[in-house]
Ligand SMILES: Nc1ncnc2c1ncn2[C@@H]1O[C@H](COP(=O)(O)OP(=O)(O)OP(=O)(O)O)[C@@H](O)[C@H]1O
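So this first bit is one chain, no partners, the form predicted alone, shown in structure tokens.
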């Protein structure tokens, strides 16, 4: 498949996901489900043309989109939380393809995670050696917390359970507390396993604030689930929670995390590594070190967006006739490219700003000093 075809499929995929999210927010179940299924089909097409190191990620995404779309369409108006089969399709995922070397920088966080996740799986260890089974990843948005969890699962060849709080709290799944209970049960059944729960602060806010009874039940299920596998020496289940707002977590939950790992913004060396990863294969007439100096305060996700914006701008400039071509012409069209120039990134830096500011970074530092 041509580079142009691959690029257009990515654009179509993004459009379908935006339509799915919009319909989902409006409560249009059937319409949302149809768009998710279409997104799954597009992601599958992209997987077949993507480089080997990325194809598994697209196949994984395709399965999730298709499963979610089918769940929404076939269970419209029903109590979705009562079906374990539906939970499996949405929450349980295949082994991630992400490896440690796919993540730029974060050496301290990688070391801490490797050390924590390996010990529970060592068979010959004395009773006095305690293992870490619960880890909290915290830090600014876009710093690679999800990638770290996926690389951990890849290392262990464990069943990987990935769930976002926004999905578990969705009206499509009824009572979130039942979902949480089922999640921990299935992780125990399919061990060795790793549960990754993103946006955990949304599910387990501090009880010192004003939270409703439903949120209390959800928090109770999480605490009970963590106590269950942590108490058993034989269980090979690791729970990783991730949050951008660690100060909002309930104290009881916070105390149950045996390890808290700060995932900071990338330093200079890490930013260079991230730029190198995302510009791999591109011809450059620029000095990456200049980009590194300009990107102080940018997260890994921000840098990825910078690179994509610069590449997209170059492609549009070199191929102004794209929008006027027919579908048949597109199939045989040879995408024209050129070297990336500093000017390509000028527009990217103008458009894309760091997600975190100095004040919020100071808050992370203060919290780490007290709790980390």
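Computed from a predicted structure; not experimentally measured. Residue numbers count along the first chain shown, from 1.
If you look for the form predicted in complex with the ligand, you will not find it shown, but the lines that follow are about it.
278 is the sole member of 272, 178, 278, 256 with a non-hydrogen atom within 4.5 Å of the ligand in the predicted bound form. A heavy atom within 4.5 Å of the ligand in the predicted bound form is found for one listed residue only; from 244, 191, 155, 134, this is 244.
Interface residue remark: residue 322 is not counted as part of the site for the ligand in the predicted bound form, having no heavy atom within 4.5 Å. In the predicted bound form, the ligand lies within 4.5 Å of some heavy atom of residue 104.
For residue 228, no non-hydrogen atom is located within 4.5 Å of the ligand in the predicted bound form, even though that partner is not displayed. Although the partner is absent from this view, residue 144 contacts the ligand in the predicted bound form, with a non-hydrogen atom inside 4.5 angstroms. The stretch in contact with the ligand in the predicted bound form, judged by heavy atoms within 4.5 Å, is 296-304, chosen from 216-224, 178-186, 280-288, 296-304.
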